[in-house]
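Before any questions on binding or motion, here is one chain by itself as structure tokens, the form predicted alone.
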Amino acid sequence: MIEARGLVRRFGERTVVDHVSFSLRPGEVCALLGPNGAGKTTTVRMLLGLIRPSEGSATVAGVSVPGPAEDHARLRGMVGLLTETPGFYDRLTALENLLLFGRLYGIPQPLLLKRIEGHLTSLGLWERRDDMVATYSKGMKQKLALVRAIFHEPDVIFFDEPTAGLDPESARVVRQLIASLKRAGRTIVLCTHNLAEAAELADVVGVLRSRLLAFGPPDTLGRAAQAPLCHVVLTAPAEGALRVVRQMEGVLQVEPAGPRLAITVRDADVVPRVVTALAAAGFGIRDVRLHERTLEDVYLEAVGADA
């Protein structure tokens, strides 16, 4: 559904996006993570055909980017976009705004009204449909923009910070909506700073800082990026246990700290053998814990290593 091939974007002498390549199948959710200025929004704009790549190409929903103007126009009817700072006509009501944009998509009005009512109701805005958008809070405008991004039922949807400015309850509703879009087979690119949100919603995560520093399922990125770390707490100082552990196959590094051993292992299967060897050597063991590396660990390591 999305295939990016060596996308590059330069602004003058500055390279903002540097040879980014990835692919997404229908129904997959990709979370793009990165600090401000990392090139996330620029990458999305290239995929949408809004700006032309300096190098490289992409295919989105079967449409080649870059391509002829008529193909780009067709692409915009097949995708949805939620920007971080959505724009509306403040002197029109919420309903008038959505009807206007719906007509631009060519949606028949009876069907459009039905879709608008359903989405506004699910997001708690139906009772405010006749209020001018100027009276809306930032969070309400964000919800309204979310409806605008999906009411034409696009195959591919791009969300840029979809829960920014929302209270926790509203953010939960938006995450549930994104999950339902995924279940309906939509392909979604989610630009976010919220690592918990990415871990909850995404099938694959990309850490972007001009280049794509890491890409893969969130539950495997940690295992791929670094060997597991196990903490073993003994009943006595750990210095004597070093000789036992260091010579074991699969143990990569051992650091003592009082009664605690921090053991870097090749994989989690090594840990039971370490415990068995220590017990057989007469060392009392109080606690054993395998450190679960989080998406935050992967993100900070990737970005920090590239700084």
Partner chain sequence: MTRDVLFTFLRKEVRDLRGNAQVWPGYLILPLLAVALPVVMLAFVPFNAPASLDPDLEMLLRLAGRDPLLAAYPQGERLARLMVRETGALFLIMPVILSGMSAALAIVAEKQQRTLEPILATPVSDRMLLLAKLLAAVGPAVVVTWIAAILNVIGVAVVSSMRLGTVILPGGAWLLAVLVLAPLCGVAAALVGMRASMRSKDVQAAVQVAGLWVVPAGLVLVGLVGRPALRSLVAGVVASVLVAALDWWLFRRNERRFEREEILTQWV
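Positions refer to the first chain, counted from 1. Fair warning: this is a prediction, and the values are worked out from it, not measured in the lab.
Missing here is the form predicted together with its partner chain; even so, the following discussion is about that form.
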Evaluate Asp203 for contact with its partner chain in the predicted complex, applying a 4.5 angstroms cut-off between non-hydrogen atoms, and reply yes or no. no
Contact with its partner chain in the predicted complex for Ser170, defined as at least one heavy atom pair within 4.5 Å: yes or no? no
Give a yes or no for Thr85: in the predicted complex, does one of its heavy atoms lie within 4.5 Å of a heavy atom belonging to its partner chain? yes
Heavy atom to heavy atom, is Arg186 within 4.5 Å of its partner chain in the predicted complex? no
Exactly one of Gly124, Gly77, Pro217, Pro237 has a non-hydrogen atom within 4.5 Å of its partner chain in the predicted complex; which residue is it? Gly77
Residue among Leu111, Ala179, Ala196, Leu104 with a heavy atom within 4.5 Å of its partner chain in the predicted complex: Leu104
Among 50 to 58, 264 to 272, 23 to 31, 240 to 248, the stretch whose residues bring a heavy atom within 4.5 Å of its partner chain in the predicted complex is 50 to 58
Three residues, Ala134, Ala164 and Arg209; all within 4.5 Å of its partner chain in the predicted complex via heavy atoms? no
Stretch 271 to 289: residues contacting its partner chain in the predicted complex, 4.5 Å heavy atom cut-off: none
